[in-house]
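Single chain ahead, written as structure tokens, the form predicted on its own.
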Amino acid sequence: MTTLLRSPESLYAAYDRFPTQKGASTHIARFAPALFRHAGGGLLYVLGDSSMPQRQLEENVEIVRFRREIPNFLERAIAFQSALSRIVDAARGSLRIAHFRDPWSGPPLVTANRSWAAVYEVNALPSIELPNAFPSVAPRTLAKIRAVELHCLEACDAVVTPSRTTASMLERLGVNRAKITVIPNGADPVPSQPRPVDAPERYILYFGAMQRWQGVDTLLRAFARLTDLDELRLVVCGSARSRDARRLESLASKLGLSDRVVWQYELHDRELRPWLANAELSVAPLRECARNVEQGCAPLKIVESLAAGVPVVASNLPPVREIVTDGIEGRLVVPDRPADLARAIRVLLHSPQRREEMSIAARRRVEESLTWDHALAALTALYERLDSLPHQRGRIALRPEISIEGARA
């Protein structure tokens, strides 16, 4: 049995490295403290690496990191889950509420005869996302992962998701609508920032992850149509210099953009804010694919751009329309069409008055309903409702096992 430094009343589990500069880390940094404030402390169980402490205590919160470097994604997920099971066994006598972000964390927390409430935060489903990252994943493996997802959705007490698009997808999977709470991503309003010393005179900005579904390749092809704007540069602030990032750098070179694209990686929030606040436009060129359309998404980069008063040019997809109204806070364009994206960027760059109006509307949109305070108030209200429920949970005793065949990471 795992020995814990504290007897936690709450537990937040996420199969994500923490902390990093990725959007998932931002979410954890906001939601986990809300849980711990509600419960008076707790335990945070996340991924880590050798540069991070395996265990640490911060006031009334214990952080435990799973640091084993297992190359295969699913093998590591199963090992992560097994270690969490031991933690849950050690905390069984004190735990009263658990919050998890993925089906790897879920099964130990939705077991039968538990005495705690379980909240499943669904930002994405691996059964939909994994084929994008690992095309060789066997259909049989994806089916077993989907079974685990469905089990967690059925056995948990509440589901939190950041978009109505994702909520609708969950309903189609059979989740009771009354069980789902939509809590949009948030951002804090960004005041004026000094211009980065090395910033181009005029630039548009992409920031965030670099996976294919983000559509950065579409943005590069669109930017290649704007080379007549001599002073304009594209700044790309990637969360990591991954294989996808190197692929995109190579594409920029092939398009003749090597001296027109500025690449930045792993910027801390305080380093990113000046780049964002001084951009002419922020671009979110999401692809039209199952990951973005059927499953839904809630791009944090869009909300953060609005909070900085930066107009957004984004793909016209259902989850994006939940955040941006075309012509008000920015422009929505047909996804995967570089010519349309380039045209929208060009028109706004030649319309300073319109950009100023969009900037004002963008800040207003965030202040009215998309701050982190709004999100955390809704999350805390959910925890309070769960506190009033009977403490006999876990109606389903069996949990599916995950097969890892055909999925090498």
Partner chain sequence: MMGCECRGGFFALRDCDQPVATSCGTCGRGVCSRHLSPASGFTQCLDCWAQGHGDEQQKVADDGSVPAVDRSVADDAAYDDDWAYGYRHGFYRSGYAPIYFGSHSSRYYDTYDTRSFDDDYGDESGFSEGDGGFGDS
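Residue numbers count along the first chain shown, from 1. Nothing here was measured: the structure is a model prediction, and the numbers come from that model.
One more form of this protein, predicted in complex with the partner chain, exists but is not displayed; see below.
- Comment: the partner chain is not present in this chain, but in the model of the complex one of 320, 210, 169, 219 has a heavy atom within 4.5 Å of it, namely 210.
- Residue in contact with the partner chain in the model of the complex (any heavy atom within 4.5 Å), chosen from 47, 376, 349, 61: 47.
- In the model of the complex, residue 299 approaches the partner chain with a heavy atom inside 4.5 Å.
- In the model of the complex, the partner chain sits within 4.5 Å of a heavy atom of residue 138.
- For the chain shown alone, residue 7 is not a contact residue for the partner chain in the model of the complex, no non-hydrogen atom being within 4.5 angstroms.
- Contact annotation for residue 253: none of its heavy atoms lies within 4.5 Å of the partner chain in the model of the complex.
- In summary, the region of this chain contacting the partner chain in the model of the complex, judged by heavy atoms within 4.5 Å and restricted to 197-205, 91-99, 223-231, 242-250, corresponds to 242-250.
- Residue 104 is the only member of 104-121 with a non-hydrogen atom no more than 4.5 angstroms from the partner chain in the model of the complex.
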